[in-house]
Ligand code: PXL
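In C-alpha cells, the next block holds one chain alone, the form predicted alone.
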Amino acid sequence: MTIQDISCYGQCSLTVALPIISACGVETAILPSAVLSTHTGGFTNFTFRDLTDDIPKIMEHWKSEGIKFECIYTGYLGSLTQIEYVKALFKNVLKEGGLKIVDPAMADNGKLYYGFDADFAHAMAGLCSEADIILPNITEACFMCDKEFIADHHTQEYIDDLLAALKNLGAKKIVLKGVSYEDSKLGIIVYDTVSGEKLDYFNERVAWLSHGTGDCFAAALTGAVLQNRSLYDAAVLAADFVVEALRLTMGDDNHRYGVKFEKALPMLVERLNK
C-alpha cells in the first residue's frame, strides 16, 4: 500500500507510483492523502482538497475487514498530522514483519517545499526512525539531520558524515540520492546500517531537469524490492529507469509536467524479468 497525494494531471506521487509498482507485478493499494487538479511544479491556481480526516476512517475500515499489507511505502505527506497517521498505519494494517519504506519527499535543491518548515523536517525524521528503508535526497537528509547543504562536488567525508547522521535517526537501510563527486556523474549510496556495508552507483548526469523523478525512483525501487531484488540491485534498477525516462523526455519543452516514464516501463519490466 502506498500513501501519498494524487495530482490529477502531471506525473508525480500516486499518479506515477501506482502504474510503476503495478508494472513490476505487485498488487498495489492506495491511500490518497490529498487530491490536486495538477501538481505544484510550474502550475498556478491548482485546486487542493485535503483528505487528512479520511485517513483514520479508511484505516479503521481496513482493520474491520482484516486487511493487512506486506509493505507500506510513503511518499509526499502534507502535514504533521499525516505523519502521525502513517505511524498508526504501520501499527495497525502492516503484516507482522512487513516492510516500511519512507520517501521523505519534502525538499530539493537546498530548499523545503512550500508549506514545510523545520518542525516538519524533524517530524519526518521521526517517521524515518521507524522505517526499514528510507530514500532521502541530499537536501532532505540535511534538513532532517540539521546539516549544511552542499549541492555538488561532495567529498567522501561529507557524505559519510551525512550517512552517520541518518543512521542515528534509526533507519535500518538508507538510499541517499543526489550524490555528486564530479560534474559529469550523479548517483546514490546504499547503506546497510546493521552490516555497515556501503555501496554506490553512478550514472552519467542527464542535462534535463524534470518534476517527479524522485517519485519514479521510489516506486521502481519499491516494486523491485517486493520482487525479491536486493536493495542495491533495486536501487540500481530504479536509477537506470529514471535516467532512461529523462532521456526519453529530453528536448520536449511542452512536456513540462514530468518525465515520460511510461515509455521507460518496458526497460523496467525487461530488467525485472531477467
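Quick caveat: nothing in here was measured; it's all calculated off a predicted structure. Residue numbers here begin at 1 and follow the sequence given.
One more form of this protein, predicted together with the ligand, exists but is not displayed; see below.
- Note on the interface: of 225-233, 50-58, 204-212, 245-253, the segment with non-hydrogen atoms within 4.5 angstroms of the ligand in the predicted bound form is 204-212.
- Residue contact with the ligand in the predicted bound form: I20 places no heavy atom within 4.5 Å of it.
- Using a 4.5 Å cutoff between non-hydrogen atoms, L36 counts as a contact of the ligand in the predicted bound form.
- By the criterion of a heavy atom within 4.5 Å, G41 is counted among the residues contacting the ligand in the predicted bound form.
- The ligand in the predicted bound form is not approached by F143, whose heavy atoms all lie more than 4.5 angstroms from it.
- Site annotation in the predicted bound form: the residue of Y158, F149, Y181, Y113 reaching within 4.5 Å of the ligand with a heavy atom is Y113.
- Residues of 1-40 placing a heavy atom within 4.5 Å of the ligand in the predicted bound form, in sequence order: D5, S7, C12, S13, L36, H39, T40.
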